[in-house]
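In the form predicted alone, a lone chain appears below as structure tokens.
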């Protein structure tokens, strides 16, 4: 199954006026076998979409109150007789209970909406198993990636895609027409052999988030250990001071901005590497290495995790004065000031540093919030490509620059203070500056006219090899023309 199939609608957006074969007839009757949560949600959505719904249940009198009044609830055999398209909303282990209806189901279209509890739990997919039980029927796999909540609340509140597969093109078209009237986008996934992959999709837990999450956890552990050594272990060994109370809040709060800052730079670093490769090879048609291709595809998740860490850092910072240890330190400072008869401990430089540090941090968090919001599909779909590119690229780079200023104002001149090097380890913020500063310098270099012009030409289709061949061709033709002209001149 190719990745491009996921974006290929089964029905286009062409006009359907005057073509009754495309749009289902008004008031078409649809059958639903089952009385569970999904069956009820499916019946509600079908009724709201203008279909007549007949629900087949083994206990129709007891289940009738669970369905909308417009839906007819009757016995399974009666429901099957009244329609040609039937949604089978029962679990795989209950398929055998429908075998008594084999004669009545012959020639019908069965839409299998079931899912498994584990990936590849059975040798064959549920749809293929259903087709083996009812060989006289046409089975279509579909609607299993749509939740019961989405069915009830409408397609705008959930995933609009409905994945469909079957060995019958006509049956797929019929089900696709129904899905389209319900407000969903049918996607053709091919023949019945794709059913297993479709059934595995709802069982995957955040497949696109695994690498970014492991990356964030790895960075968090590295920076947390580094900060633990500097802030807790060092004073305990060198000064015999017990500062383990800093671990739950202060050490974590020092670690979170490091992770957020580095991960934000990792969103834009693969673009820099991709541009370098394009400049080196002189073409945009050469495939990127797999690791870079995967990196480019995970930029959205990395950016959202960066925003999450930055938001946690803001909350932790607001809670710092609430700690009991902070109150004790304030009282201790006040007592020392009174004993030393100091009227004020105001330091103008430190005041300005903290004011600038907090202000720039608020701006950076605001820009990260904007980037995170526009990453949501519902917001991104309302923007054109230029607007989306401006926010994600231009404003994202500005957010990286402002985050760099936030980090620099935090460090100020302490990078040159030898007391800040615990166990000869540099302050944490100096380490976090390495990757972001590299990205910023590379972006500045790419903005130079000579490099920017060449990169723009490459991205518009220019290739280094073809240009050379073309120039060689022109040179050869020019030389040939000059030779002929000289020979003619000599003869004349």
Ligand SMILES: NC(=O)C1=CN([C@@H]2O[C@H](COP(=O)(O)OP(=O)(O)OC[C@H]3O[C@@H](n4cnc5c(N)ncnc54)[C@H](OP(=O)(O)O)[C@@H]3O)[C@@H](O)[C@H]2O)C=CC1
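Numbering follows the first chain given and starts at 1. What you are looking at is a predicted structure, and each value in this text was computed from that prediction instead of being measured.
One more form of this protein exists, namely the form predicted in complex with the ligand; it is left out here, but the text below deals with it.
Think of it this way: in the predicted bound form, the ligand has a heavy atom of just one of 194, 115, 185, 174 within 4.5 Å, and the residue is 115. Contact with the ligand in the predicted bound form, defined as a heavy atom within 4.5 Å, holds for exactly one of 454, 63, 28, 464, namely 63.
Contact annotation for the candidate site: 83, 139 and 166 all lie away from the ligand in the predicted bound form (no heavy atom within 4.5 Å). The stretch that touches the ligand in the predicted bound form, counting heavy atoms within 4.5 Å, is 89 to 97, out of 130 to 138, 210 to 218, 240 to 248, 89 to 97. Interface membership of residue 43, defined by any non-hydrogen atom within 4.5 Å of the ligand in the predicted bound form, is ruled out. Although the partner is absent here, residue 71 is not a contact residue: none of its heavy atoms lies within 4.5 angstroms of the ligand in the predicted bound form. The ligand is not shown here, but in the predicted bound form it comes within 4.5 Å of a heavy atom of residue 38. Shown alone here, residue 189 lies farther than 4.5 Å from the ligand in the predicted bound form, counting heavy atoms only.
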